[in-house]
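Single chain ahead, written as structure tokens, the form predicted alone.
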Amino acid sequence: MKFSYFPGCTLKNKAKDLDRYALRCAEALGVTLEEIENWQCCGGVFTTAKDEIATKLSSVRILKAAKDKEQPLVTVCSACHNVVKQTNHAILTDKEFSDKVNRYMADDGRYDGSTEVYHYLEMLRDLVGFDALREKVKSPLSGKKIAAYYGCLLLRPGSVMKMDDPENPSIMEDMIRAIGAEPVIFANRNECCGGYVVMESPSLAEKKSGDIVRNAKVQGADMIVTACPLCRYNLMKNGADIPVIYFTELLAEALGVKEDTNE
């Protein structure tokens, strides 16, 4: 299986392990991720302002690059995935937006919203399959109790993201089971960590992050796993006293590809 791959800015800087492990695990699972050439930042956040076009053009170019290669697009950062997926949805459902975008894109050719967009977790579930993943596991993570933290961006808005039930998700817990560990269900797993208000209200961000970690620990978690670099940073910055790791690191350990990453 071959896919176009968009890592995004953070995975080339502060979240290199999320990217590196994603690539190693894909290879172990027989998946080829072809990084899009000359990609730009996704825009960082999807603004709902109807007259805001310019910040979405880089996401459109990412989507078009995948279309030109006749490949689905895979993302791994929660924030990037949210922006790219919402931009694609807007192209498909908002004619005015699509027309304005394609006037900007005139020199690069039109884009019609036809690229299939998968988060890495969706690729595992829907295309590789958790049963196939289970068969590839070399070092089952038996005995580990792991809390999956989704945060805001993977699941919402539910009508657009369509990854899972936004109130009662299961995709990360199913992955955790497939690699031999025990998922810990906790109430705050899809609550905001406060990452987007940290500059305006550090105390609120600290409280929200603290509530998440405490809730996971009360339910017996040994560690927290997430797909979002901002969430991981915020939880760790605000004093998480259990490990907070990327889901791709967990996957790499189970697949036996977690060698030295200090490259």
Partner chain sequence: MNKKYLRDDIIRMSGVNPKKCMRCGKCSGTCPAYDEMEYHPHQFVSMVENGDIEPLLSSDSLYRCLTCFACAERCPRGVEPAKLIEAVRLTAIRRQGANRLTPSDIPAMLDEDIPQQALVSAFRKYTK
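Quantities reported herein were computed from a predicted structural model and do not represent experimental measurements. Numbering follows the first chain given and starts at 1.
The next section is about a form of this same protein that is not shown, the form predicted together with the partner chain.
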Establish, in the model of the complex, whether Y21, S139 and T226 all lie within 4.5 Å of the partner chain, using non-hydrogen atoms for the distance.
-> no
Among 174 to 182, 109 to 117, 129 to 137, 161 to 169, the region lying within 4.5 Å of the partner chain in the model of the complex by heavy atom distance = 161 to 169
Which one, C192, M123, L73, A90, lies within 4.5 Å of the partner chain in the model of the complex by heavy atoms?
-> C192
May I ask you to state whether K67 is within 4.5 Å of the partner chain in the model of the complex, using heavy atom distances?
-> no
Decide whether E35 counts as a contact residue for the partner chain in the model of the complex under a heavy atom distance cut-off of 4.5 Å.
-> no
4.5 Å heavy atom contact, Q40 and the partner chain in the model of the complex | no
Contact label in the model of the complex: I245 to the partner chain, heavy atom within 4.5 Å | no
Out of 198 to 214, which residues reach within 4.5 Å of the partner chain in the model of the complex, heavy atoms considered?
-> M199, E200, S201, S203, L204, K208
